[in-house]
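Shown here is one chain on its own, the form predicted alone, set out as C-alpha cells.
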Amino acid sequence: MTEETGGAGVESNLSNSGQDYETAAPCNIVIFGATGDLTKRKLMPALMRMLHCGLIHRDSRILGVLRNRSEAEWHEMIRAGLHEYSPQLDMDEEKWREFLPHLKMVDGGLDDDTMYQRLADALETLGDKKNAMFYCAIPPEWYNRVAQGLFKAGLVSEEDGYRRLVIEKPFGSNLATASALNKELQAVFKENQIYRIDHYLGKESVQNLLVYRFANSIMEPLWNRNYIDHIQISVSETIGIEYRAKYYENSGALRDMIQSHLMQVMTLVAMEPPVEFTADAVRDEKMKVLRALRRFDPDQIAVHTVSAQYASGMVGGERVAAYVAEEDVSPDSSTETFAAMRFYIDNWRWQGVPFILWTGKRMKAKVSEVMIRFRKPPFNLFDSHASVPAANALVFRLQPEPGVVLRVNAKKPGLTTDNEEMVMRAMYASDTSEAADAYEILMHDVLTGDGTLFSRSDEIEESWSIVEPVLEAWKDRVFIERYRAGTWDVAAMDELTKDCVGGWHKPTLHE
C-alpha cells in the first residue's frame, strides 16, 4: 500500500474546483464573549480564513458583544490574538485593513436587556435578509439568559432571515442539568435553530470515518461481530490541564472527553448506513446506537470502568507536577485525569463486541485513534513456528498524521515460514496544513444550515443517561489510582482489556 493523498482541505478545494463547498448567504455573525479566550484562539482566526477562502460571504458582518471596552481596544485585542495564536495567517497591514470593515461592536453586558435591543438595531439587512448567527462563546450558566434576552428583543423570529444559536460544550454536567437546559432553550428557539457544537466532530479526520465506512465496499462485510474482536477509541494527550483547572476540577476526564467526544465517535463507527446523507438521517442512526448501549449495572461499574489521576513524572524530557500540585487544584482532589469505559452495543451487528473508550492527560504520546482489532484466524497453520501470527488490526489515526494503518502478517524473508507483522500506511493528506480547521467547518455548516455534525437534544440526554450511574459511583470516592506522568502505567487498563485480543492498545506516533 502506498501513501495516497486524500481529499484536500478548504483552500485546496477553493483553488482547484470551486465546486466542493457552498458559500453561505450574507450573515450577521454575533459573538457573545467577544474578548474571551475561545474567540481569540479559535473563532477570529477561523472567521478570517473563511472570509479569505470565500466560505463566508464578503458582505457578512462580525458583531462582538462586550462591555467596558472601546472599539479601538477590541480591534487591537483581536489583532494581537491573531498574531499570537495564528501566526501562519501572516497578518500584515493589508490583510488587517481588509478584515477590519467586517467588525462591529455592540456595547453592553449579557444581563443588560437594553444591550439586546442595541444588538437588534445593529443587525444589518444584507442582501434581502437579516440573517443572524448567535455564537455563545461564554460560560454555560449564561446560555439561558442570552436566549431569553434574544427572545425579548425579537431576535428569534425568522420572518426576515434565519436565526441560529450556537452552544459550546459542556452542555450540562449531568442528565438533569442537560435536560433542564434543553427545555429552557427549546422554550425560546426551535430545535432546528439550535446548534450544539462539538469541535471534535469538526475534525476532517473524524468526518472521514463515515467516508471510510460507507464509500468502501471492502469494509462492510467485515464490519460486524463475526470478524471484529473489539474496538478501542482513544485520545491520549501529553499536556496537563493547562489553564483549565477550575473547569476540570468540576468535570474530570469522563465528562470532558468520553461523554461528549468519544461517545460521538463511537456512534460514527458503529452506526448503520443512513438512508440518505442528511442531518436527521445520520443523527437517527447515531441515536439507535446510543439506545442500544447496554446500561451499567451498579455492581459492575468497577469492573467495566477505570479512573486514574496523573502523578509527577517526565514528559518530553521535562519533569512535570502531579495533578494535585497544579494551580487551583485541591491537594486532596480525586478528579480523574484518565478515564476508560467498556461498552457493549446490544444489537445484531455488535452483540458481544467490547467497545473500549479511554482518554488520559500526561500520557506517553499525543495520539487519537480508532483501533479495530480483528479476531484471530480460526486455524493457525504456523502454531509450531517461533512467530505466531498476530491478530490483524485496522487503525484510523485521527491526529496527528491522520490516515489509515493496516497491520497484517507476512512471511519473513529467507528460507523460513516464520511470520512477521507488516504495517501498511495511507495518509489522509500529504500536507495536513491543507485541512480545514474544525471551527471553520462547523461554523460554515451553521451558516449553510447543515446540522449533521451537531448533536440533537435527544442525543445529549441519551448520552448523559448512559454515563450517569458511573458519575454517581465516582462522586464520593476518596481514593483514586495514580499513574506516573509520561507513561502508560495505568494498571487497571490491563485488567479491563484482559480478554481482548492483543490487550490494551497503547498507540505510538510512528507505528
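Residues carry their position along the shown sequence, with the first being 1. Treat the numbers as computed from the prediction; the structure is a model and nothing was measured.
In what follows, reference is made to the form predicted together with 6-O-phosphono-beta-D-glucopyranose, a form of this protein that is not presented.
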>> I need the one stretch from 239-247, 326-334, 138-146, 416-424 whose residues put non-hydrogen atoms within 4.5 angstroms of 6-O-phosphono-beta-D-glucopyranose in the model of the complex.
In response: 239-247
> Looking at 6-O-phosphono-beta-D-glucopyranose in the model of the complex, is some heavy atom of each of 203, 257 and 366 within 4.5 Å of it?
Replying inline: yes
> Can any non-hydrogen atom of residue 224 be found within 4.5 angstroms of 6-O-phosphono-beta-D-glucopyranose in the model of the complex?
Replying inline: no
> Using heavy atoms and a 4.5 Å limit, would one call residue 129 a contact residue for 6-O-phosphono-beta-D-glucopyranose in the model of the complex?
Replying inline: no
> Any of the heavy atoms of residue 397 lying within 4.5 Å of 6-O-phosphono-beta-D-glucopyranose in the model of the complex?
Replying inline: no
> Does residue 361 reach 6-O-phosphono-beta-D-glucopyranose in the model of the complex if we count a contact as any heavy atom within 4.5 Å?
Replying inline: yes
> Of these, 286, 342, 261, 163, which has a heavy atom no more than 4.5 Å from 6-O-phosphono-beta-D-glucopyranose in the model of the complex?
Replying inline: 261
> Considering 349, 169, 75, 104, which brings a non-hydrogen atom within 4.5 Å of 6-O-phosphono-beta-D-glucopyranose in the model of the complex?
Replying inline: 169
